[in-house]
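One chain comes next, on its own, written out as structure tokens in the form predicted alone.
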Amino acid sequence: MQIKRFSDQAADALLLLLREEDTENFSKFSGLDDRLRDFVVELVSRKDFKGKKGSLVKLPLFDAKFKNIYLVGLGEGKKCDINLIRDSLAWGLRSAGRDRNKSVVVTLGHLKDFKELAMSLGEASGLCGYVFDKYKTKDEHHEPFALSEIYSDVYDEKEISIGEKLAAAQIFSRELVNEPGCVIWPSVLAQKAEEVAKQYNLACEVWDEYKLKAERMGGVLAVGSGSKNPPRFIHLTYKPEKADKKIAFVGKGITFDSGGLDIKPSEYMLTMKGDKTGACNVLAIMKGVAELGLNIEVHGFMTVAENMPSGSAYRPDDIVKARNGKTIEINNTDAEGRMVLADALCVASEIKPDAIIDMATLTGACMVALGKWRAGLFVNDEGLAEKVLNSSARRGELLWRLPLDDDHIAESLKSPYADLVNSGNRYGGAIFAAMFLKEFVGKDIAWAHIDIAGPDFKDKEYGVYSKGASGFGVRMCLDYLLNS
């Protein structure tokens, strides 16, 4: 997709994003000649379009300059923010592209009071056309997404480029997560990481099952023990010459989660190819960091396993020793994500970073608490909390902070036979999991745990999100690095 500065070009379509109050005055809109302005005024006067939030009108034009017009409502100006603008841009651009418009003029000058318009345009343009349909047979009547050129009256090449790179990183994660377990298993994801490392000159280290045993990675070995596809641990490093900070990202990578011996009901196994999102997000972040050329040392840690039932699978009542020596009594083999993250957090802590951020599709409890559009944030440092929440707000990947210090839940972490149990009762499950992970984070290291189980997978299109894997968290984490 090419984004160019608008200078009175003709195009297949015109896209207008209008607040309710904008419908009363069109004189400030570039790209609208008198005849077209009168046409929009007529639509408004007939109440066919009033700028209501969530409204979209598309009409053909018999005009030499534009063939079609798309009007997208933003609602009341006082309730409009940059995230609504970004989502509305993606919706309008997606509609234009699917209607076989190859070029579109977007007018945003009337929204100049909003920061990051150019960056958001870059994000929306990169994300709007994505769909995972590589396994669908295309017939001769298949109409691909056509949009290839955007002309905008708000143009900042640097900011647009950043937005495009954020979008490209998120799509990279989506592509990996959408692949089924018969295509991506632990060693395949490790190969993908090696390919990214080679392309962007990153250091890459992959530990196989033998190295994992030598390195005392008991959690990931236990989880992967039931599968014919052995687990992997991946460490990517981006290290510029004069980096002034060191940040570590940790991702859960369960390439398929059957639940193990505590097997899931069949309906709950659907979408479990998405249990690798945390690791795929980390890989995408490393790719994005390299493309952005940031002056920060960044490490990506991914523990990757397949959680399957078999005669060799780990069992309830087993006691597993993690890398830091803490022992864990297994009372639920479907609480596997925290087991692989425990080992990875130990390794991440050993490099003594300024901050660790982990992402995981960890608990259904977090989805029950917050719904499917917002992730849970657990953090032990107020400065890190503020930065992550600010990035969440800027990129529209919404978080809600949850407690990390519940004394009653802390009691339920205790085991009569080991240092910890890996699962508690049904109440406060997301908090239990976060407090479990805290046991494996090094002392005095700022750490944030993001439970992305809810927003990880979209049942339908909305804004910048397509149906399927969302890659939720990639743009937010890259924004955090950009503003660190």
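Here the structure is a predicted model, which is why all the values come from computation and not from measurement. Each residue number is its position in the shown sequence, starting from 1.
A second form of this protein, the form predicted in complex with a small molecule, is not displayed here; the remarks below concern that form.
J.: Is L362 close enough to the small molecule in the predicted complex to count, meaning some heavy atom within 4.5 Å?
T.: Close contact exists here: in the predicted complex, L362 approaches the small molecule to within 4.5 Å, heavy atoms only.
J.: Does N332 make contact with the small molecule in the predicted complex, using a 4.5 Å heavy atom cut-off?
T.: N332: contacts the small molecule in the predicted complex.
J.: Residue-level contact is defined here as any heavy atom of the residue lying within 4.5 Å of the small molecule in the predicted complex; does E123 satisfy this criterion?
T.: E123: no, not in contact with the small molecule in the predicted complex.
J.: At the 4.5 Å heavy atom threshold, is L377 in contact with the small molecule in the predicted complex?
T.: Because no heavy atom of L377 falls inside 4.5 Å of the small molecule in the predicted complex, the answer is no.
J.: With the small molecule left out of view, choose which of L189, M272, L111, L404 has a non-hydrogen atom within 4.5 angstroms of it in the predicted complex.
T.: Exactly one listed residue reaches within 4.5 Å, namely M272.
J.: Work out which of D257, D358, E397, D343 lies within 4.5 Å of the small molecule in the predicted complex, going by heavy atoms.
T.: Selected residue: D257.
J.: Can you check 81-89, 334-342, 173-181, 131-139 and let me know which stretch has heavy atoms within 4.5 Å of the small molecule in the predicted complex?
T.: Residues of 334-342 come within 4.5 Å of the partner.
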